[in-house]
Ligand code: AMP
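One chain comes next, on its own, written out as structure tokens in the form predicted on its own.
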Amino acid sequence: MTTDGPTPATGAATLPEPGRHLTSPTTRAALRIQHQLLFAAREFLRGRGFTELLPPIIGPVTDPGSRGSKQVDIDFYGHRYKLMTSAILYKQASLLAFDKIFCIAPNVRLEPLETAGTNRHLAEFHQLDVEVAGATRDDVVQLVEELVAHIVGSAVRELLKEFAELGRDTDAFAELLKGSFGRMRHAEAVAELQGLGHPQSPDAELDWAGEALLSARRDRPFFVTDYPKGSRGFYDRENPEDPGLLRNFDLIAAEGFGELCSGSQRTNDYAEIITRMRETGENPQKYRWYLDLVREGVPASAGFGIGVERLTRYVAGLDAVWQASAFPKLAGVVSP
């Protein structure tokens, strides 16, 4: 792995000056890899009949499930609006126009200050978001597998010089490029972590340290599925055949890089969504525009979001996710 300038992992949450960062060979090689990943993703998805949409940046509400980060309020002509933390609600709504959509969505989350030292969190980042009408969780898990294998393979074929500049051994992707990732249920992940002495709660999402532990023990990406109800947002569908578990998943990279992607089969049942909102402490009135659409009828669907900078960090073999952003924003660090 390579680095230019001080990183939060060394103790000081600082970033290099913009001019030094943008002219760094590491930055330029990483951003060329990122460009190729996005080029190949568009190529793959358009070839599968997906339509690319431009997502909103502000709205009356945004995704409430963001692991302890804070939402950003703005004044929109006297109304309290939010900067998007995720495009999830708009992805579901967009299926009224097209059956298969994707977008490259900007997101802002005011992460807790301690995340400035994790090397895997940004306050401003992008997601490759995908949603498919009529799909199941297993359908989109397979789509993620094929998409990631395609785009990483494209980068490896086209950018050998950049990988060499970064010192990234592309043999690390040998298992990934076969297109078959590992799978484990959340309960299995919890059991493995507890067996390693890590105090992972069976009722919560895997914590960052737990993700890294599991990730470091594997040589290919793997899915963690079937998170417990209450650990995720109100839009994840509960499994009627296994009550208390959700039809959702995370994709976790190998080599200790941690989570890259989250997704699920969505619920589109109005009464179920209202119940789930109340269970998670959300006020349904805040989501009136979304609930009106659900009541009128939005398609059942499944989808996912891949963190663009996190994926770039993994593929490029970078020390920190801020190296995969031209203008990085870390929690609590004043920067351009």
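For every residue, the number given is its place in the sequence shown, counted from 1. This one's a predicted model, so the numbers in the text were calculated from it and none came from an experiment.
The form predicted in complex with adenosine monophosphate is left out here; the points below concern that form.
Visitor: Is residue 125 a contact residue for adenosine monophosphate in the model of the complex, using a 4.5 Å heavy atom cut-off?
Guide: Yes, residue 125 is a contact residue.
Visitor: Tell me, yes or no, whether residue 226 is in contact with adenosine monophosphate in the model of the complex, where a contact means a heavy atom of each within 4.5 Å.
Guide: Contact with adenosine monophosphate, no.
Visitor: Can you check whether residue 305 is within 4.5 Å of adenosine monophosphate in the model of the complex, heavy atom basis?
Guide: Residue 305: yes, in contact with adenosine monophosphate in the model of the complex.
Visitor: I'd like to know whether residue 262 contacts adenosine monophosphate in the model of the complex, with contact meaning heavy atoms within 4.5 angstroms.
Guide: Contact check for residue 262: yes, within 4.5 Å of adenosine monophosphate in the model of the complex.
Visitor: Please pick, from 120, 100, 82, 247, the one residue with any non-hydrogen atom lying within 4.5 angstroms of adenosine monophosphate in the model of the complex.
Guide: Going through each option in turn, the one that passes is 120.
Visitor: Quick one: which of 106 to 114, 183 to 191, 158 to 166, 132 to 140 gets within 4.5 Å of adenosine monophosphate in the model of the complex, going by heavy atoms?
Guide: Residues of 106 to 114 come within 4.5 Å of the partner.
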